[in-house]
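Only one chain is included here, represented as C-alpha cells and corresponding to the form predicted alone.
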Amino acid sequence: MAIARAFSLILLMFLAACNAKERGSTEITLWHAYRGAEADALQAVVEIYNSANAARGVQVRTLPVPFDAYADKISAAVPRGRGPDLFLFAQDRLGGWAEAGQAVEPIGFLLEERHRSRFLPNMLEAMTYRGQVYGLPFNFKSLALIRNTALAPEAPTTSQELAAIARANTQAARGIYGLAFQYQNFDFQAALLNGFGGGALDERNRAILDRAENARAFELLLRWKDEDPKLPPEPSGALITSLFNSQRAAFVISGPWFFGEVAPEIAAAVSPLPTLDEAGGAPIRPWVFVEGVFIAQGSKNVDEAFAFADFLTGPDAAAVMAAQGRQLPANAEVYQRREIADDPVLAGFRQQLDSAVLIPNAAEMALVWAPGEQASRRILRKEAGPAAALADAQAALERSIADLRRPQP
C-alpha cells in the first residue's frame, strides 16, 4: 500500500510538471539589495503575485545582493548572460548602463497611458535617459528633517530657527547635540549645495563643482560643525542612531531608512528641511533617488518580467511596501489611501519631495563622487578652503568627463 501511495505521488508530481511545461512554466528572477522590513515586504508582494499567477505557471524568485557589490555585480553579470530578468536600482547609474548598452532594456514600447500617468511628478523622468524610458519607478528616497518631539515639539521652517533650537539642545562637552547628521558624506552635503543654487552637474551634465554657491554652502556647513550649533565629530550612521535613541540629538537629517533604527519609545516626526536664510530663503534641496524596476538586457522573459514590474509598481503592491516595508512608493494613487495619507512619517517624506531635486541619471554622475568626497574631506579637515578644494575637484571632474567622452580606439 505504501509503495502504491508513493507511486501515485510520483505520478502526480510528474503530471504536474508536464502540465506546467505545457503551460509554458516561467521563472522570473529579481535581484534587490533590501534587508529587514523592506525585504520582508517585497517578499510578501512576490508571494501575492506568485499565488495569483500559479495557474499560468509563472513564478518570481528574489535574490538579495549585498549593496556594496550590487552595482558591480549587475555590470559584470548581465552582459555575460548571468544576470536576472529584473533588478531594482536607483537612477544614478542608469546613464552609464544605457550608454554601455549591456545592462538595461528600453521599455518605452511596452508603456501604456496608465503607466505614464500612475506615478508622482518627475518619477518617470528619473527612468528616462536621452528620451528613452528604461524602467518603471518603484520608490523614492530623500533626506528630510527628523526630530525628537520631546526635545523639539515644533518643526523649524528656516535655517536660523533650526540653529536656534539646536543650539538650545546642545551640550557638546556632555556629548549632547541639537543637530546630528552624516555631514561628511557628499550626498548629505549636496542638499546644501543645491539649496544655495550650486550642485554637481548642470542641465547639460557639465561639471559645476567650483561654483561660488557651493563654496558658500560649505562655509555654512563649517559654521554648523564648529560653532553654531556645533555638530558631533566623526558622525557615523551608528553614532547618529545612538544619539537619537538616547535622547542626545534633537534633530537628525536622514532618510526613511532611519526609522528602521529608531527605538520604539522615541516619539519622532518628519518635516521638510528648512529654508536657508543664508541663501535668500531658498529651501534646502536634497537629492531624490528614485529606485526603478529594470529589465536586464538579454532576459528571455521580457513580457512576463514587464508584467511583474507592472504589478510591482501598481497601487496594491505600493500599499504593502509603504505600510509593511516603510518605503515611499512612486505610485501616486497609494497616497490617497487613508492608512498611507494618515501616516505622519510617510506624509512628511512625501512633502519633502516637493522641494527635492532628482539626482542626475547621466553617465557623468558616477564620476562626481570621488572628487566631491575628496573636496569635502579636505574642507572639513581644514586642509583647504572651500573655494580652493572645489576648484581642484572641478578640474578632476572635468578630466574624468573628458576621458568618458573621448572616442575609444
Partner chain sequence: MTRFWIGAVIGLLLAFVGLAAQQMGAARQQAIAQSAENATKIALELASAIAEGQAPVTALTQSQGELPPGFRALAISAGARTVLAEINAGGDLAPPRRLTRDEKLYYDLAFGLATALAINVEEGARVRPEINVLAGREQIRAAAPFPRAEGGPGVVVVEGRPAPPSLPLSRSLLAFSAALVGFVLLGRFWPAGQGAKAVALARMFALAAAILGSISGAWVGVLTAAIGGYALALAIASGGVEQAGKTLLKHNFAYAAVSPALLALTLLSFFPMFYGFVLSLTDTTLFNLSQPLLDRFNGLANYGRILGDFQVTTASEGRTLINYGNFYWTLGVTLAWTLTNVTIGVSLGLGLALALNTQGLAFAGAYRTILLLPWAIPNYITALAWKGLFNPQFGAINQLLQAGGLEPVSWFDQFGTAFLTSLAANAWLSFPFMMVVSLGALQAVNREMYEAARLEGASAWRQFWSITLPAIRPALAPSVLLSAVWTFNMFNVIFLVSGGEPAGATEILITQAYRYGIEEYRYGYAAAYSIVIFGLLLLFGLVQAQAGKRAETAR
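Positions refer to the first chain, counted from 1. Note that the structure is a prediction, hence the values are computed from the model and not measured.
The next section is about a form of this same protein that is not shown, the form predicted in complex with the partner chain.
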Partner-free chain; cross-checking the partner chain in the predicted complex, the single residue of R248, R326, K225, R93 with a heavy atom within 4.5 Å is R93
From the list A384, A347, A44, L353, which entry has a heavy atom within 4.5 Å of the partner chain in the predicted complex?
-> A384
Closest heavy atom of G237 to the partner chain in the predicted complex, within 4.5 Å or not?
-> yes
Hey, in the predicted complex, does R56 get a heavy atom within 4.5 angstroms of the partner chain?
-> no
Using the partner position in the predicted complex, report whether D392 sits within 4.5 Å of the partner chain, counting heavy atoms only.
-> yes
With the partner left out of view, is D202 within 4.5 angstroms of the partner chain in the predicted complex by any non-hydrogen atom?
-> no
All three of D72, P106 and R377 touching the partner chain in the predicted complex at 4.5 Å, heavy atom to heavy atom?
-> yes
Okay, which stretch from 125-133, 216-224, 265-273, 151-159 lines the partner chain in the predicted complex, with non-hydrogen atoms inside 4.5 Å?
-> 125-133
Checked 280-318 against the partner chain in the predicted complex; residues with a heavy atom within 4.5 Å, sequence order, are V302, D303
